[in-house]
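Just the one chain here, laid out as structure tokens, in the form predicted on its own.
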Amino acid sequence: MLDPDSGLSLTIARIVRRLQGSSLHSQLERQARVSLHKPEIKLESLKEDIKDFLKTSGWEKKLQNAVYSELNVFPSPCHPAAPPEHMKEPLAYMRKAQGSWEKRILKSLNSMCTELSIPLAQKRPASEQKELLNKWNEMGTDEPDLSLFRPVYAPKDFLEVLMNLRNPNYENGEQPSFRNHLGLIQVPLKVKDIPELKEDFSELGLNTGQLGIDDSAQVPPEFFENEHVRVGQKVLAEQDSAAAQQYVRQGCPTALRADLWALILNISNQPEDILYYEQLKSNVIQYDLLVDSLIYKDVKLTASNDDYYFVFEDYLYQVLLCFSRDTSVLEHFTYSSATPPKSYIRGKLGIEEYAVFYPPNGVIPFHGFSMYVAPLCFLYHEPSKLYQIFREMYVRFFFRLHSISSHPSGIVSLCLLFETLLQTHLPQLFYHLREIGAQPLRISFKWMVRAFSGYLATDQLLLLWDRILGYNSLEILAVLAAAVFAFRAVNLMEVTSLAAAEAVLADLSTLKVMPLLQIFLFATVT
């Protein structure tokens, strides 16, 4: 283990190194030069005077937000002697399982490519480029024939892989014993119990005001809502990412949510960001990738059929097509257990110099992927801002929901946390469902993989995502999944098959997120 001092110095060195190449660094340098011409800057106290100038002109706050953003995204530094793959994933058997899963995905993609005789990438003819540019804002009207394309994988395929995960160093006989976990996930990871979750999510307690409860029509706004909105406006005026993150733990007022999320994610949509988005767009116009058809198919199968999201179809195409070309996304693989897939330039198979990442961002979309973007369309209507928010949400949170890792916010830990909470606090229900062949995780897995997008009403989903951002953790997804089962427990005890259990839990659109979480965490006797 690293001692705290060397850990801190390694973190500082890494953040300095990363910020040195950023546009913020060059802007700070420019401002420092400009300040030299000001009369209040004295040569004898130059360093302190420039620091004071950067503080009063708001640049120090921007630097603080950038540092805070880095601390939130990147994991704590490993021991200097640890190999680089430890930063990606410390457990060897998890790395191996993720590697095998990636080979399966790539094989599926390549076989589709061969079957359909379609190249992975090709330049569009000039006429097609012009046509795509003209209909960029109405791509939803296009009806390409996608009948031969199939999603590379769906969440249920991924669940089968997770069910077969085993730690080879852990003696786990086939015979049931007190040591065996009765759920589908059979790996020994440390997950939190309710007392620990209560401590972590203390701001969700019964005595703390919450948007999602205390803003209902029955509660006069002067009791909580008015004051909460006033504090939110003050947080925005201060432009402090850390304060914003703390604030959203009690929920975001609808009118302030877009700005607060952008502040937490440190997204300011500068001219260079808009230009970068336009470059990605021109790449989409020029080149046709096989994954474009997978994106079209996914949007058609999911968001286009959703009562809340079908109106955003054009936005989804724009964002996801640009996302597939964005090589800056590759950076998240330094702290993700996944590795970006590689392909070879035609005729150069196996020659390493001709290997390229495919797709350019290293992320192969799966069935339901577009639902990560859809809720954000309610908040952001300017495509480049929407794009940046989604990209940041993905590299902070969503990538963990479809890769195999031991991270507390990774999907394996979330599944185990869900099953452990249910087994511990609703043992009769868990055992009943298991006996009738309706393992709870088979039902809840799709909710967690999509972060409940497409299952909850949008206002409730945004309240849930407020808390994901506020706590910088996805663990709340597993808690909510368990809370839903607890809420429907009476009905579930009556069912006799998996189909009947799925029917009881088919519609979550009427559920209220915050009361469910509060009751499960704070009003249940443990």
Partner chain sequence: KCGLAGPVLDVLSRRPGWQQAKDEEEWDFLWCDVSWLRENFDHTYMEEHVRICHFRNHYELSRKNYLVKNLKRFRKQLEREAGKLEAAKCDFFPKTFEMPSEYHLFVEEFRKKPGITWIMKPVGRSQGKGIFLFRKLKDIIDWKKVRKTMVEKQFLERGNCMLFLSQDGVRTDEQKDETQIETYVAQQYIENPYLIGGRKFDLRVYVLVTSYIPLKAWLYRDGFARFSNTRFTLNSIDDHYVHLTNVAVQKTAPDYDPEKGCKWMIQQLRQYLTAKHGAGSVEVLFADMDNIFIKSLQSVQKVIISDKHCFELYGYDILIDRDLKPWLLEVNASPSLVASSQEDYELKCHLLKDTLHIVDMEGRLTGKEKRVGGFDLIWNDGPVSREGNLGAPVNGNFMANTHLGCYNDRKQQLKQLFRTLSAQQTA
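What you are looking at is a predicted structure, and each value in this text was computed from that prediction instead of being measured. Numbering follows the first chain given and starts at 1.
Below, we refer to the form predicted in complex with its partner chain, which is not included among the displayed structures.
Partner contacts here mean any heavy atom within 4.5 Å of its partner chain in the predicted complex, and among 260-268, 200-208, 437-445, 134-142 they occur only in 134-142. Using a 4.5 Å cutoff between non-hydrogen atoms, V311 counts as a contact of its partner chain in the predicted complex. In the predicted complex, its partner chain sits beyond 4.5 Å of every heavy atom of L148. The closest non-hydrogen atom of C377 lies within 4.5 Å of its partner chain in the predicted complex.
Proximity of L275 to its partner chain in the predicted complex: non-hydrogen atoms within 4.5 Å are absent; the residue sits far from the partner. Residue in contact with its partner chain in the predicted complex (any heavy atom within 4.5 Å), chosen from A126, L116, A255, A237: A255. Just one of K130, R230, H381, K156 comes within 4.5 Å of its partner chain in the predicted complex, counting any heavy atom, and that one is H381. For the stretch 445-473, the set of residues having any non-hydrogen atom within 4.5 angstroms of its partner chain in the predicted complex comprises T458, D459, in sequence order.
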